[in-house]
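Okay, so here's just one chain, in structure tokens, the form predicted alone.
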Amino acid sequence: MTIYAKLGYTLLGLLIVLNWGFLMGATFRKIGARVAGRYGIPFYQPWLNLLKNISTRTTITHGVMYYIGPVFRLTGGIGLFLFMPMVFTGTVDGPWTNFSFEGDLILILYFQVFGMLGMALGAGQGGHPYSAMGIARGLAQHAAVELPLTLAFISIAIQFDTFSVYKIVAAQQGGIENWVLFTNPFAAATIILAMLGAMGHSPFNLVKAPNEILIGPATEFEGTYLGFMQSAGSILHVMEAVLFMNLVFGGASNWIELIVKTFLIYFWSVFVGMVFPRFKIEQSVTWFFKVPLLLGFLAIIIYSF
């Protein structure tokens, strides 16, 4: 496949991911509203919000990092997409494998942190006390989430002797019994629990913390900057679900399978959020340093010998 064809498929895939992220976010907001006895937003509301925000201009001025922060956030989501195989086609040069390469799992870990740090640096220069509060909570929780996740990723890499996401997906083909969910249950359990913090729903929605600190780091962002953050959030949620799908649930052989699996993975975090109230920051960090961290260590120990 030529580089131009590869680029064309990649851009089309990014468009699909962005719109699927908007639709999935609206769907789960609708579900949350119905659980609370409300009607909820229309399904097309995220697109209206994006159009409204990119057409709005602001006269508020801050430092340079304030304007670059949302771009960093969006870059983190797009970076995850660019190096993540979306659909398993049987060849690493397939149309939907994007720019996946040997060792891309390590790069993906960096991009997960990139978006969070970009948002923290940008919001921190805004000077709003709620932004600083959200940043402090977010970075503390993100560190607690990344530790067990990284242990689980390393365990899976040891299991399949590769840091290539594509090769990990390829090793899980041939039947559901080959999924990491069954071949490495400790790593799978670590990811399933730690992903609750990565998705950012209750009880781990400490950054935005609705009804407590308004909307956290997004408090001072408006207009195009807020549109960037909303787009980045939609892409990140889909790509994190795709990452967990590739590592634990055998990947996807077509876009329909990808949509179904990512919907169910994302629904797991939303379901937990409907059941449990928000933690305090010390409760959240302590929780990730207990069961998920222990399971991560067990996954490493078992596949190291």
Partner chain sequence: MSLKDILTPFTAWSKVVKEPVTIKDPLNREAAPRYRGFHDNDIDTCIGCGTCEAICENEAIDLVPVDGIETKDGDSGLRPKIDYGRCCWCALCVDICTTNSLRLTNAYKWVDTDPDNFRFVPGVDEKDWYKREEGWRKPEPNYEFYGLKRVEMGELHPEEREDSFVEMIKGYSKEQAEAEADRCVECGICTATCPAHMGIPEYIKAIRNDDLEEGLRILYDTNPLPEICGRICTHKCETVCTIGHKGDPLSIRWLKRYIADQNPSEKYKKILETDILKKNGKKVAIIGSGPAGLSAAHYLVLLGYEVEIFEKLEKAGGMMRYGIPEYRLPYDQIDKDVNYILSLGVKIHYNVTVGKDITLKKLGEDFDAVFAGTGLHLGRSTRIEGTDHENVYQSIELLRKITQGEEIYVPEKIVVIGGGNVAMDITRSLARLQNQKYGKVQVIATSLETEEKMPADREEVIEAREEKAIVNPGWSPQRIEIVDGKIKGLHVVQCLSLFDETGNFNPQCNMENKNFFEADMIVESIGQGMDVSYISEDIKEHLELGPRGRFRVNDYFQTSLPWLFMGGDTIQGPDVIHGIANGHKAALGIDKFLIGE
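What we label the rigid core is the largest C-alpha set whose atoms superpose within 1.5 Å from one form to the other. Residue numbers count along the first chain shown, from 1. These numbers were taken from a predicted model, which means no experiment stands behind them.
Below, we refer to the form predicted in complex with the partner chain, which is not included among the displayed structures.
- This chain is displayed alone, yet in the predicted complex one of Ile259, Val272, Ile68, Ala26 has a heavy atom within 4.5 Å of the partner chain; that residue is Val272.
- The three marked residues, Arg34, Tyr39 and Phe267, each reach the partner chain in the predicted complex, with a heavy atom inside 4.5 Å.
- In the predicted complex, the partner chain sits beyond 4.5 Å of every heavy atom of Trp255.
- Core-superposed comparison between the shown form and the other one: the C-alpha position of Pro277 differs by less than 2 Å.
- Superposed on the core, the two forms differ at Arg38: its CA moves 2 Å or more between the shown form and the other one.
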